[in-house]
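Only one chain comes next, encoded as structure tokens, the form predicted on its own.
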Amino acid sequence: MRSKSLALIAVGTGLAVAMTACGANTSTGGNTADTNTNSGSGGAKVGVILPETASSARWEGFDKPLLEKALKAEGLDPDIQNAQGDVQKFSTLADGMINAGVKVLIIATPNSEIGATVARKAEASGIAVIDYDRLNLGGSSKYYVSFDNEAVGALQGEGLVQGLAALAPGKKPAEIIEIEGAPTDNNATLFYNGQQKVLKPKYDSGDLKLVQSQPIDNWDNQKGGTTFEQILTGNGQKVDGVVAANDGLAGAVITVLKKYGLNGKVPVTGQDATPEGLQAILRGDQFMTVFKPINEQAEATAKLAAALAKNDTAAADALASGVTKDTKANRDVKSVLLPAQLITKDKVKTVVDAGFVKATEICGGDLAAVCTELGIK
């Protein structure tokens, strides 16, 4: 999948690396979609529904403003709403956008079931649907834009191995706890599959010992922390490494590790390169995260939406030249799959230099000296 992703970058040479400030958009959203919320470009109407804000800061802090900017740059008129994890609200927002006559609907759904239902409704009304970030298994959306999520999982596995070499060199078997994402999110499955490509051979050889692997419903950080503590105490408060599927879950794990005096002694993985995650890495409490340039994802989605708004399927197909298997519907979905990057302490500067976060967001207080040492400014 990574080789396909790199090829796609060559196709999408228009995807700029430059970023804008990632503040929250002022659109609030309600139980009905207001198609004028983000209007102003006068182009074809495009609806965007994001899933929630509880599990990750990315949706409102990054995806929303970057999608708005990218869609407007393509001459489109975006209406961007957030379902706040409420399946009924997601459905209601979609109904409002469909009734308002959007030309394209972009959906990042709380689960595949509601995503598949919404896609069928939209397509019955002649509206093109793009699955954004999360593929809806069993759905009918013709296009999918995301990162190479198995490769993301493999980076997490590689990061854990690097962390163990740094913090628990030579220990065999090193005891591992895995705190995974929501079982209803296909991305979580792909992350897990990628992790296991790296970790399973080490479990099989006896280098590592899996204490327990536990998916967390709804990517709920509080539940993730509680679950991790139960597993940790059940294992005699012993752990050598933790796979946490994103920075939010990593933060919950670190809170528990602090309680038992284990923070900084146990490598913890993450994902999304959130300011909080990067700060935890700079402090030494989290070993790594995965940097996914969401600006590139937003720009690829906007270019695809612009082609579909013009009913130019040839142009859309040229952009979405990759393929992702919908295992539930047994179909191939035309895809744009982008590569990601493993970020450890020495590479945090890369994220700042790319404009993804500002130095002022992560370098205050106790981290000022660390940032100076690493040249982050």
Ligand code: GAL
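From a predicted model like this one, the values you see are computed outputs, not experimental measurements. Residue indices: 1-based, along the sequence shown.
Missing here is the form predicted in complex with ligand GAL; even so, the following discussion is about that form.
Asks: Let me know the one among 142, 292, 303, 89 whose heavy atoms come within 4.5 Å of ligand GAL in the predicted complex, would you?
Replies: Contact with ligand GAL in the predicted complex is made by 292 alone.
Asks: With ligand GAL left out of view, which of 133, 296, 240, 150 would have a heavy atom within 4.5 Å of it in the predicted complex?
Replies: Checking each option against ligand GAL in the predicted complex, the one that comes within 4.5 Å is 133.
Asks: In terms of non-hydrogen atoms within 4.5 angstroms, which of the given stretches 53 to 61, 317 to 325, 342 to 350, 304 to 312 touches ligand GAL in the predicted complex?
Replies: Among the listed stretches, the partner-contacting one is 53 to 61.
Asks: Is there a heavy atom of residue 271 no more than 4.5 Å from a heavy atom of ligand GAL in the predicted complex?
Replies: Residue 271: yes, in contact with ligand GAL in the predicted complex.
Asks: Going by a heavy atom distance of 4.5 Å, is residue 81 a contact of ligand GAL in the predicted complex?
Replies: Flag for residue 81 set to no.
Asks: Given that ligand GAL is not shown alongside this chain, does residue 219 nevertheless sit within 4.5 Å of it in the predicted complex, heavy atom to heavy atom?
Replies: Judged by the heavy-atom cut-off of 4.5 Å, residue 219 is in contact with ligand GAL in the predicted complex.
Asks: Looking at the partner-bound form in the predicted complex, is residue 187 within 4.5 Å of ligand GAL by any heavy atom?
Replies: It does: once ligand GAL is placed as it appears in the predicted complex, residue 187 has a heavy atom within 4.5 Å of it.
Asks: Who in 238 to 266 is close to ligand GAL in the predicted complex, meaning a heavy atom within 4.5 Å?
Replies: Only a single residue, 246, comes within 4.5 Å of the partner.
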